[in-house]
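Form predicted on its own, single chain, as structure tokens, below.
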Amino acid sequence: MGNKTVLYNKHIELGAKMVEFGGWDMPVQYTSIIEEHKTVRNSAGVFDVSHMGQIFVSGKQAVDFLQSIVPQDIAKLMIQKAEYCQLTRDNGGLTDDLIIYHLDKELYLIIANAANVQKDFEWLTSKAKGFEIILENKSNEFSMIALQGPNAGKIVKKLGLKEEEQPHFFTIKTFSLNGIEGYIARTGYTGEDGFEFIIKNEYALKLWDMIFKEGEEFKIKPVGLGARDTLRLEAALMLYGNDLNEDITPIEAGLKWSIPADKKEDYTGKNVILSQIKNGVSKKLIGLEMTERAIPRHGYEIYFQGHKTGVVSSGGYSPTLDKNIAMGYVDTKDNITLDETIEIMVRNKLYKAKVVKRPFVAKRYKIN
């Protein structure tokens, strides 16, 4: 048995199938993964993501500290803005990938992946020596509810936040609604427009019920981890532990776009990362679509012209495309390009696939 979120009994009441994930008992599905997936793509769905971690960094050297641990330039992050970041190691690999929110002067919020919260906090603490900051792991005090889909903005408006009061894409604001206070961010993990509410545990049940009441006309549904995974895969969003780990650098993962070339401050793994930007990498991440009937899964081997070239990092069925898709790392020496035919080893048999562009399904963020 894992940890339970404040909404655990609500999930049981809704008939959720529960699984252990990242040390938490979480709903994997309520009805069917495909139905829940399509609800998010076509209208809006609600996720309990309270298993994610909330680590606060405050103090007059908060910026200096954050500059030393991530490749991104946090000094340029304005108040209320968010940044996708990587927590890099000496070898350039990742302790985790994160979102950092600039909440206020000298105050930042780090959202960490569920299975990594304690590891991340220990890593941050080890790097904080000499900095005048306060590090606080408040993950057990906060719940997170994600509302995702093309109708998410309309539902938030019905909750009481006018369009002009809603945060813009990758922005966070404080909110107060019907006695509930907290943060609302226009972020998510589905490729759709959407919001994430970060609230004290005491407000979680009330907010959950409010969202379902106001979203009833849009036929919103609760959504489990199963559809969260198929949605993020279609959008080619990475999953730590699959597509990212301590031995994969941001450059190998195709995240060069997130790393500023002009950041002057030193950070962990900077020399390795800059060297890879200059000299290239030995492996790269590709997208693939099966052309023969087989489902590619994490860990399956990828073959090119008769030899093994890499391994699948994430894969499965795409409800939107009605195709089997995957991401995987391949040897750059093979010069594999778009539309190339590769093969995936599934149960000791090779099945053909085609290299395709990522994302597999276009992202539909509302960028103001």
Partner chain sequence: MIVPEGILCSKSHEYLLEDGNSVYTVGLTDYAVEQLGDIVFVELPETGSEFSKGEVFATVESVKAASEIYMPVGGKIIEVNEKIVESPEILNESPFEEGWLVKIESPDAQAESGDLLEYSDYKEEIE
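Numbering follows the first chain given and starts at 1. Here the structure is a predicted model, which is why all the values come from computation and not from measurement.
The form predicted together with its partner chain exists for this protein as well; it is not shown, and the discussion that follows is about that form.
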item	value
One stretch from 118-126, 89-97, 226-234, 188-196 that, in the predicted bound form, holds residues within 4.5 Å of its partner chain by heavy atom	226-234
Contact test in the predicted bound form: Ile34 vs its partner chain, heavy atoms, 4.5 Å	yes
Contact of Lys17 with its partner chain in the predicted bound form (heavy atom, 4.5 Å)	yes
Its partner chain contact in the predicted bound form: Arg297, any heavy atom under 4.5 Å	yes
In the predicted bound form, Val311 touching its partner chain (heavy atom, 4.5 Å)	no
Of Lys219, Lys138, Arg293, Lys105, the one that lies within 4.5 Å of its partner chain in the predicted bound form (heavy atoms)	Arg293
Heavy atom within 4.5 Å of its partner chain in the predicted bound form - qualifying residues of 316-354	Tyr317, Arg347, Tyr351
